[in-house]
Every structure is written in C-alpha cells, then in structure tokens.
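Single chain ahead, by itself, as structure tokens, in the form predicted on its own.
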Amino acid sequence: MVRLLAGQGITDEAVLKAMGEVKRHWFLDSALDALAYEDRALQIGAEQTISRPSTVAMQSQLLQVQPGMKVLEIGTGSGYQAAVLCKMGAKVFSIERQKSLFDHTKPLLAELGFNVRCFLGDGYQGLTEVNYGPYDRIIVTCGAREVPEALMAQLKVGGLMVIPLGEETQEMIRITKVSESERTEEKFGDYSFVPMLDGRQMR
C-alpha cells in the first residue's frame, strides 16, 4: 500500500512511514480484512466510511504536520486518520457527531496506544467548550458546503486548514490563515466524502 501511495504522488516521508506503521485493518470489522489495503472507501457504520488510503495520505501531506503541533480533526470516524496524525507526532483533538462511532472509536484508539483526545459534538463549532485551541492545523474529513467560520476562528494565524468543499463531489482545499481577516486558498482536485452535518443532525 505504501508503494502504491508513493506512486500516486505522496512524497512526505513522515506520511509514508506513518501509513506503513498504522495498520488500516485495525479500524475495520474483521469481515473486511481482505479489503483493508485496497484503495477504496469502506463502510464503518452509521452511514459513514473510512476514507481511501490515498485520501488519508493526501490530506495528511497537505497539512504539513510537524511533531508537537496541535491538530483539530473534524470527523473522527473509524479513528484511522487520527491515528496516522498521532503517529506523525501531532497532538490530535478529534470531534465526532455520531455517538455510536464515538463510543466505539474513542476506546479503540486508547486500546491501540494512540493518545487522541476524542469529543462528541458538532464539528461545525469546533471545540468551543474547552480551551485547547488555537490549533496549528485543522483537518476536515467530511464534505462541507462552506468553510465553517467557527473553525477558522480556532486556527492560529499562519496555520493551515485542509477541507473538502462541495455538495455532490468536493474539491480539496488548503487554506492558510494569513491574519485574522485574511486567508489564501489552494485547490488540490476532486474527492468524494460523506457530508458534514451540523449539530441539529447529530445522532
């Protein structure tokens, strides 16, 4: 799988190393073991999916994570992306809106030895109730219609946000927060994610 990712343009050695060490089958039902290392999204319950390895690798590379950085993840899901970032040395804070996934993934990450701080809540709002921010990096692992301003407010000046934007399909966007009132955007192609929902649609 790592060789495949390298052939698809993943050049960040820290990302490739983490993807090689964090086993994807750990985060899937054992019935899916035979498919775990194919480059495809797979169901994890609650109408959610674990992203393609290539998508996880690309988002991780775009984040430009350095050890010790605080990363806020919107959409814990299976925990795979959070584990990869944790393996890269990030301090990961992750929000999940689906209680069934939260109840499964939080203890799983701890059992596997990944020190990820997991929260049940509305990703559109970030972590407003606790004072962990601002964050060096923010990664959104679900498709958003627009950039949530509450998340931008929790990103450090100079920080990066990687977010897929769009309705049916999404375009991967990397936002640099230049100042409190200025940002720049870079585009990195089309992807397909489950939709980002607000708190009123939590389950």
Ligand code: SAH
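Residue indices: 1-based, along the sequence shown. Only a predicted model underlies this, so the values are computations on that prediction, with no experimental measurement involved.
Beyond the structure shown, there is the form predicted together with the named molecule, which is absent from this document and is the topic of what follows.
Note on contacts: among Val147, Leu62, Cys142, Met69, the single residue with a heavy atom within 4.5 Å of the named molecule in the predicted bound form is Cys142. Although the partner is absent here, Leu127 lies well away from the named molecule in the predicted bound form, with no heavy atom inside 4.5 Å. At the 4.5 Å threshold, heavy atoms of Gly20 stay clear of the named molecule in the predicted bound form, well away from it. Proximity of Val194 to the named molecule in the predicted bound form falls within the 4.5 Å heavy atom cutoff.
In the predicted bound form, the named molecule sits within 4.5 Å of a heavy atom belonging to Gly121. Residues placing heavy atoms within 4.5 Å of the named molecule in the predicted bound form fall in a single listed stretch, namely 42-50, out of 29-37, 130-138, 164-172, 42-50. Contact annotation for 95-125: residues with any non-hydrogen atom within 4.5 angstroms of the named molecule in the predicted bound form are Ile95, Glu96, Arg97, Gln98, Leu101, Gly121, Asp122, Gly123, Tyr124, listed in sequence order.
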